[in-house]
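Quick heads-up: it's one chain on its own, the form predicted alone, in structure tokens.
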Amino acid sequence: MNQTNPIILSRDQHLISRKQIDENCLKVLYRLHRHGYKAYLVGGSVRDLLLGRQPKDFDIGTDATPSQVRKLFRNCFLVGRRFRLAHIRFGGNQVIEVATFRRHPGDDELPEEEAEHSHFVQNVFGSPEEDAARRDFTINALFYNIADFSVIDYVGGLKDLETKTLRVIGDPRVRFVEDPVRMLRAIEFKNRLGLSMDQSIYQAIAEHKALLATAAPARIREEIMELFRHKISAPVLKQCRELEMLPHLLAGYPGSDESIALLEKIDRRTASGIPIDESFAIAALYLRLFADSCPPSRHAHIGEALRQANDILVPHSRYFSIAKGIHHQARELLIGCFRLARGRGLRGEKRFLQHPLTPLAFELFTLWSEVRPQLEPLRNEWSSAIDMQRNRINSSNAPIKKARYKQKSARKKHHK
């Protein structure tokens, strides 16, 4: 797929403006360039800018080694073991990642054990062309050169952007064995960017989808959360179900029509401006399975619901190393939905209404009642009670604390 010569678009041939690029990212690019190094904006940020989208973050590629980058920036920290990356920090939270161009290692640079070859990343520096060739998809291998504001394409990414086609750089069957997570990323980009997927990708997924179970759980966990953040969890996981990827991706997730319908509503909730929390996402993933395994009734015992919630969530939490706090909150959201589905007037209702997670559980239950309309009357019954409790908390907390403080002070004076 590599071209004999790169396609280079000069400044007047594309729509990328420096006004669209983060100010701190420009500072890094300019300083690298002033000291004689190549300084390229790389990856998804170039793709998004060419598509008229605002990138979430900006990454930089350079021919400067990590140690050379560190000498240029006092706020630079090197991370990584097998391949060193430079993280340049601005303020409290922003990090600009700077990576030295790298290449596929040669045969003499690989480990002796052949089984380790596909998972091996060597600290081998390369040229911009070699760096483009080792990236995943053609649309993610475009460079923006700060020296002359040109866009450089070594792999045909510009044509694929124009035709809205997603293609893997190289043979998908080989590249998916190297990194199985690319299969999930292919489905993500197809749905997020509205692309058609090259037929060779479908064929490679059919052959190698089982390898998803061998991918690092931390990476799968982050990719799943990216689907929620980009408001595409429903279409991506629906297509993963159609391609029979789900059992290898999220063991235990039912992927039923009702589950996908709930995720569609979660995506719309996120699109409305409400940030997605991981515990909320986990509870949404497994709510249908929990609801069917523990049908609510007026006589159903809360202890059984707790056991069922743990049976469902513990395997997920252990596999993905979910923190106890996140696991606990996801479980409480499921239990909250169980209590709401049992109806009002049962023992413990007052304590339940005062629980800090009850409003969030009610929000999830509301979305679930849109999937299962038979729950709508229960949702309406609880709505006014939860609103009253929220208003009571908002109106009474501060004055009570102040009054108690004054009484305590008065008692101290009396004893003196």
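Residues carry their position along the shown sequence, with the first being 1. Remember, predicted model here, so these are calculated numbers, not experimental data.
Below: the form predicted in complex with adenosine-5'-triphosphate, not depicted.
Using a 4.5 angstroms limit between non-hydrogen atoms, R307 is distant from adenosine-5'-triphosphate in the predicted bound form.
Contact check for D57: a non-hydrogen atom falls within 4.5 Å of adenosine-5'-triphosphate in the predicted bound form.
In the predicted bound form, adenosine-5'-triphosphate lies within 4.5 Å of some heavy atom of G43.
Proximity of E226 to adenosine-5'-triphosphate in the predicted bound form falls within the 4.5 Å heavy atom cutoff.
The partner is absent here; in the predicted bound form, the one residue of R134, H208, H248, R167 having a heavy atom within 4.5 Å of adenosine-5'-triphosphate is R134. Proximity to adenosine-5'-triphosphate in the predicted bound form, taken as a non-hydrogen atom within 4.5 angstroms, holds for one residue of R269, K190, K238, R182, which is R182.
Checking 371-379, 33-41, 48-56, 352-360 against adenosine-5'-triphosphate in the predicted bound form, the stretch whose residues place heavy atoms within 4.5 Å of it is 48-56. In sequence order, R219, E226, H230 are the residues of 219-251 having a heavy atom within 4.5 Å of adenosine-5'-triphosphate in the predicted bound form; the partner itself is omitted from this view.
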